[in-house]
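Next up: just one chain, as structure tokens, the form predicted on its own.
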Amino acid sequence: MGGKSDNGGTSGKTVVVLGGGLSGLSAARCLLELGYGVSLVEKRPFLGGRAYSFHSREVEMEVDNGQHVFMGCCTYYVDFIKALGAYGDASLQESLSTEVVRDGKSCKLASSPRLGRLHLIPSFILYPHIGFLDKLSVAYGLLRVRLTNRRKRAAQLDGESFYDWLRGHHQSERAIENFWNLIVLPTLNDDIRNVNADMALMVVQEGFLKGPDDSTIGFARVGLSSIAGVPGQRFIEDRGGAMLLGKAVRAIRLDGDSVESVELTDGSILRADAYISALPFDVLLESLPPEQAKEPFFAAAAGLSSAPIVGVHLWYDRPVMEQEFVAFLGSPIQWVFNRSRIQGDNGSPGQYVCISLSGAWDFIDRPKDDLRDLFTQEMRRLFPAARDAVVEKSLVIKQPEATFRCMPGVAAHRPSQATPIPNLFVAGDWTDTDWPSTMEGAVRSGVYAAEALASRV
């Protein structure tokens, strides 16, 4: 594709979106609805970014690259999959209900919707994994979270670890381990000692203290590619957008102060009125001219770092768990998802489960066979029905750079979607969305980038 695209949409303006993950798809969707002509470039032959499914030859079936969940507070993501016509393939709880197990003792963290903002109080009173005095201190901590104005104290909170914030608000080590980190580790993909107070407070405020509907948990009942990538491509093509799959970006070319074109690895040149980069931050820096990549606005992103996730997928010859998902404390297993039940696969006599490990530095470099043995044995310990069950198939999926880390000081490394280059905009969960590295953050970034573009071009 050479020269300027004639795909001008109803506005007569053209935009090239670089990257077909959730942020790029979100930006493309918004731009098409605003009347722009859109061409989307993605280096892989499919869309979805870090939220995709693939056919595994090892187990001879379609598998998600990781267990992704969303919550009721993820309003942009829900709106996104509704716009794609894919919401029917998702499931969202009517009210929060999560089983939490430690040392064989099980309880439910459940919402009581009639109580409004106090919807978690009844189950919290009965929560057995912290004692009475810790419950009083946690109640005080939750009140302090509720009353904290993040915007007024953004710099201070961004520079402080949530662990230090909690200790400064009278939280014991047991309360931090058995309550607070249960929330923080899976949502921020990092230990509570490593994340900044601002993003952790945001998670608790938005996900648990606003209202009952915000705390519900949802997930796809189909492969991740079927809920975003495939319907996303259909949405773009049905509205006249162009797809360039299997093509990677080699360079973003500037002429004076503006982007003049984008060169792809196959030698083709793309020209448009404006450009949105939905590339990973390191790829964007490599694609820009060296002198531009050194400018403070862009160079700051080099200070971001990544956290790993590991998924251990096991196929048993019989059912070993009844719940859709369970959280564990005091075990190398953090969360187990009953994929057979989630996907509605009731025709098989066996069961497919996925163990999701966040902040997985202890596991990311271990041999896959060791991880299979470790977690198969741990499943036997935690689930009595697994002791006589046979693991017929297994698969370990490692994502070394699954999310960016919300460490203290991270805000300085997250740029706005509008760049100093007048016709270049950036999207990605790593940009400034006021959300951590989640599907919601990715979708929000695409919306914000499209809105910033529309205000300029």
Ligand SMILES: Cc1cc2nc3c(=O)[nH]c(=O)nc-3n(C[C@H](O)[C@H](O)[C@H](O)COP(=O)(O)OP(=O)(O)OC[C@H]3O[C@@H](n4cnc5c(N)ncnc54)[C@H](O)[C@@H]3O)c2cc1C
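In case it trips you up, residue 1 is the first one in the sequence shown, and so on. Quick caveat, the model's predicted, so the values are computed rather than measured.
Absent from the display: the form predicted in complex with the named molecule. The rest refers to it.
The putative spot formed by G20, K43 and G428 is fully lined by the named molecule in the model of the complex; each residue has a non-hydrogen atom within 4.5 angstroms of it. Proximity to the named molecule in the model of the complex, defined as a heavy atom within 4.5 Å, singles out one entry of M61, V69, L34, A418, which is V69.
Taking a 4.5 Å heavy atom cutoff to the named molecule in the model of the complex, the contact residue among A402, V410, A389, C30 is A402. Interface residue remark: N65 is counted as part of the site for the named molecule in the model of the complex, having a heavy atom within 4.5 Å. For the chain shown alone, L424 is not a contact residue for the named molecule in the model of the complex, no non-hydrogen atom being within 4.5 angstroms.
Heavy atoms of P280 reach within 4.5 Å of the named molecule in the model of the complex, making it an interface residue.
Put simply, V145 is far from the named molecule in the model of the complex: not one heavy atom of it is within 4.5 Å. Proximity to the named molecule in the model of the complex, taken as heavy atoms within 4.5 Å, picks out 247-255 from the listed stretches 114-122, 137-145, 247-255, 321-329.
Along 294-315, one residue reaches a heavy atom to within 4.5 Å of the named molecule in the model of the complex: I309.
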